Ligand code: SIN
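So this first bit is one chain, no partners, the form predicted alone, shown in structure tokens.
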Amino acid sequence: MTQIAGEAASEVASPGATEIRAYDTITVTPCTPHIGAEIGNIDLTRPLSNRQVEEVHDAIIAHGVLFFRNQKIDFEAHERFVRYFGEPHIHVGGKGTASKGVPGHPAIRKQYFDANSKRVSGEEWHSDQSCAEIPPMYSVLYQEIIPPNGGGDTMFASAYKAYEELSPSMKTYLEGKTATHDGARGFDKNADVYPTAVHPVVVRHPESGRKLLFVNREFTSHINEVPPAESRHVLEFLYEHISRPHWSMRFRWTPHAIAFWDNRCTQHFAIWDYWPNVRSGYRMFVKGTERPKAA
């Protein structure tokens, strides 16, 4: 970490890149070599400057997921932050999902889990709403109450690095293939809507230009161009490959922390190890602008 002329600055290397990015208005502390960074010198309860927004955007493109601590935001501040990066995305899962809508704020979902909960959101590796025709670009999760004595961590994985570590022959095999993402796999069985979509198995991020794997255990049901048995075994290999610890990290929540992640190039897993304690927060999505495109 380097302090320059009284302003907070940090130098970090973008995953897969060689250039060093210097930040003038925020501090950026990488969590691992491949994914995640903690952001400092910023107050999300107040409006951000154009320069701050630009640097937060650059940081999330570089690191996939960003973490902000001690940010006691309200609904208005939550939505203001989302709108810096695009329009809010309305959840496509229907009434049967584990999170619930907030009256007067249709794009905000409350996540409240306690001793009476039958399940929690995100108990499997996934990219949010990949079953949508145009999945959300980003997710912004604010945790208000966390379990005592730890618990309730969230894991994140780099879909970039997972793709890059595949063998050349597997990369060739996956080229041009598509997969079906089925909401019925990830949402409660009494949901009123089960959205489905078809996306390429390997896509290219529209901003970083890097290739990545775009299948996940929670929503991807099958590869479309091969027989069912072949699809099942290939997907199982990819699911296990994506979840390897070599390109994943585990975030320990603290009260009033925020995680901001790019659904186009990361996957995440919510760990339900805190029953019967309470974990409660609010999530919003930034609306996607285009369908995932084949690499």
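Just count from 1 along the sequence shown to find any residue number. Because the structure is a prediction, the values reported are computed rather than measured.
The same protein also exists as the form predicted together with succinic acid; that form is not shown, yet it is the one meant from here on.
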Heavy atoms, 4.5 Å, succinic acid in the model of the complex: which of 202 to 210, 79 to 87, 122 to 130, 169 to 177 makes the cut? Say which one.
122 to 130
Which one of L141, A162, I108, I146 is close to succinic acid in the model of the complex, taking close to mean a heavy atom within 4.5 Å?
L141
Among the candidates I42, A270, M249, L235, the residue which, in the model of the complex, approaches succinic acid to within 4.5 Å (heavy atoms):
A270
Would R21, T25 and H57 all count as contacting succinic acid in the model of the complex, using a 4.5 Å heavy atom cut-off?
no
According to a 4.5 angstroms non-hydrogen atom cut-off, is K287 in contact with succinic acid in the model of the complex?
no
Check Q71 for me: does it contact succinic acid in the model of the complex (non-hydrogen atoms, 4.5 angstroms)?
no
Answer for T154 alone: is it within 4.5 Å of succinic acid in the model of the complex, judged on heavy atom distances?
yes
Just to make sure I understand: among 271 to 295, which residues lie within 4.5 Å of succinic acid in the model of the complex, judging by heavy atoms?
R279, R283
